[in-house]
Ligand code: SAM
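Next up is one chain by itself, shown in structure tokens, the form predicted alone.
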Amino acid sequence: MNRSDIIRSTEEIGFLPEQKFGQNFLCDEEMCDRIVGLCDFKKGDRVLEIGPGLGSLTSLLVSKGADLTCVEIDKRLAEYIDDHYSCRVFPNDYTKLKPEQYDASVYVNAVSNIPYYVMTPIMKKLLTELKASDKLVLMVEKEALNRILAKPCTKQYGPLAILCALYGDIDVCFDLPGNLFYPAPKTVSSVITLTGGIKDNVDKDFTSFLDKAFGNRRKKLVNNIDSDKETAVNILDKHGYGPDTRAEEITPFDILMIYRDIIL
């Protein structure tokens, strides 16, 4: 869909984009083609799209043969997608859907233009619930890349960076300036792909563990988590870390191994 198509569709349904939902619709057909081209699915594969908006990517995903499910928080847009495209539509806030409500375990790919204000909870959910997935194609604010790509012992390193790293390879593909959207945001977006898959024990409980581990960054890990302190110290030692180690000093793989030992 180009800019004229987007504007015409908004007029057709009497729709004004809602700032509270971060609604900025991509209206450059070439870039839409490039984004869908990054997806890796076969005809008939189950694909999840979060926040389809007016269907700029939806139409291409369906035409490519995806067995598509869309989750759209704005009920007006959910109704529009349901009327215009052959896909399942959930008129819901994705962050509040339970895995069984949207069949989380069946999707091989997920695609989303993620508003910045809800980026972290959406990405955490995708990175822990889509057990059959091997690729995520996401549009995020360029400034957020520092948090997604952060390395240990840096201020930006935290649960989101760990979940992304554990999923697999992260590629920053290209940027999308604000003038390619309607209405135009003041920020630049980046299209990224995550390729790999969810590892064993990377789930909601692991995310809760990470949130506690980083709850007070100045505290030692053993003082932040719900575990017997002596046991935690022994597990840290097993993996080559001292009793004074903070969560921000531990690599993604090692913190997963430490978590597995703690819960076993």
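The first residue of the sequence shown is number 1, and the count goes up from there. All values reported here derive from a predicted model rather than from experimental measurement.
Keep in mind the form predicted in complex with the named molecule is missing from the figure; the text below concerns it.
Chemist: Taking heavy atoms only, is Asp82 within 4.5 angstroms of the named molecule in the model of the complex?
Modeler: Output for Asp82 is no: heavy atoms all beyond 4.5 Å of the named molecule.
Chemist: Does the 4.5 Å heavy atom contact test between Ile73 and the named molecule in the model of the complex come out positive?
Modeler: Ile73: contacts the named molecule in the model of the complex.
Chemist: Though only this chain appears here, would Leu26 touch the named molecule in the model of the complex if you measure heavy atom gaps against 4.5 Å?
Modeler: Yes, Leu26 lies within 4.5 Å of the named molecule in the model of the complex.
Chemist: Residue-level contact is defined here as any heavy atom of the residue lying within 4.5 Å of the named molecule in the model of the complex; does Gln156 satisfy this criterion?
Modeler: No, Gln156 sits far enough from the named molecule in the model of the complex that none of its heavy atoms falls within 4.5 Å.
Chemist: Could you tell me which stretch in 125-133, 167-175, 143-151, 107-115 has residues with non-hydrogen atoms within 4.5 Å of the named molecule in the model of the complex?
Modeler: Careful reading of the contacts points to 107-115.
Chemist: Within 4.5 Å of the named molecule in the model of the complex, counting any non-hydrogen atom, which residues from 42-56 show up?
Modeler: Those in contact are Glu49, Ile50, Gly51, Pro52, Gly53, Ser56.
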